[in-house]
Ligand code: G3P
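Take a look at this single chain, the form predicted alone, given in structure tokens.
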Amino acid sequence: MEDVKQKLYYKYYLLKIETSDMMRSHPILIWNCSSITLSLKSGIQIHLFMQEGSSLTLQAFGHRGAAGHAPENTLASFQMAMDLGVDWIELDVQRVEDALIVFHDSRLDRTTNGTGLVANHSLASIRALDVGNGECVPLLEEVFDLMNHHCGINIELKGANTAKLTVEMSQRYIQEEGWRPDQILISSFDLDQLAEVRKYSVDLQIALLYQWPRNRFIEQALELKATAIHIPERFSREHTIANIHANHMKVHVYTVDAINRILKLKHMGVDGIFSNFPERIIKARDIV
């Protein structure tokens, strides 16, 4: 046993094994697997029990696609994120008429050549806007079609009356297009919208977005049967991460672009990180 140094970053979430014959990190990503046995060259076997959809490596979430490289929340940005090898694409949805558009702000001004509130515009007029480089505001189904279940999709509910439509669309892509429930994660700061998601689906994954300190955020997440809590980097403390893990939920941290901060969070044992430059998260996996 002397030649084996074993580090377990909280339970089964991240495993890094070093031996005299294998002196680098070997991350493993496993979907829909109940257990895994790792056999080392030294003859030692390590048997781990897995939760469905859990991962033994740091998960890379492309924030609004790859927003550091392409206009945010556009098909070009999502394609770039997939090309970079993300595990998840994160995006924002709002309801306009009877459609779900992929758009973050309540106003059009920052990211398009339009002005005013999203709520004051028709679907057709929003779709005609330029989001940059000739890209338009996509519909959620266009993103599903582009991704074709090659990675997970994290849908953040940004506006009112988005939950039911999002659940219906997610269920359609599960039933008709081969998506798995564990490839879809619905998140929001809005507890009412998340409760609405859970009302219509017991299978879809939910994540509670946490922005400001609040006393019952873990209890609220448990009440929603959430699988994860998304926390801002500024509130990423070891005791917070440990408390969330102790309640059998994952910790995903947003939005982190600096490689030194990504590495710090990795060694704190978080399960995933959101970044505008998701390739930096992927690079951090191989840095001890």
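Throughout, we count residues from 1 along the sequence that is shown. For clarity, every value in this text was computed on a predicted model and none was experimentally measured.
Not pictured, yet referred to below: the form predicted in complex with SN-glycerol-3-phosphate (G3P).
Undergrad: Since exactly one of 127, 104, 198, 149 fits, which has a heavy atom within 4.5 Å of SN-glycerol-3-phosphate (G3P) in the predicted bound form?
TA: Of the listed residues, the single hit is 104.
Undergrad: Find the only residue in 204, 209, 76, 100 having a heavy atom within 4.5 Å of SN-glycerol-3-phosphate (G3P) in the predicted bound form.
TA: Exactly one residue meets the criterion: 209.
Undergrad: Within 4.5 Å, heavy atoms only, one stretch in 81-89, 150-158, 174-182, 130-138 touches SN-glycerol-3-phosphate (G3P) in the predicted bound form. Which?
TA: After filtering at 4.5 Å, what remains is 150-158.
Undergrad: Evaluate residue 274 for contact with SN-glycerol-3-phosphate (G3P) in the predicted bound form, applying a 4.5 angstroms cut-off between non-hydrogen atoms, and reply yes or no.
TA: Residue 274: contacts SN-glycerol-3-phosphate (G3P) in the predicted bound form.
Undergrad: Look up in the predicted bound form whether residue 189 has a non-hydrogen atom within 4.5 angstroms of SN-glycerol-3-phosphate (G3P), and give yes or no.
TA: Close contact exists here: in the predicted bound form, residue 189 approaches SN-glycerol-3-phosphate (G3P) to within 4.5 Å, heavy atoms only.
Undergrad: Though the partner is not shown here, which residues of 57-79 have a heavy atom within 4.5 Å of SN-glycerol-3-phosphate (G3P) in the predicted bound form?
TA: Heavy-atom contacts to SN-glycerol-3-phosphate (G3P) in the predicted bound form: 63, 64.
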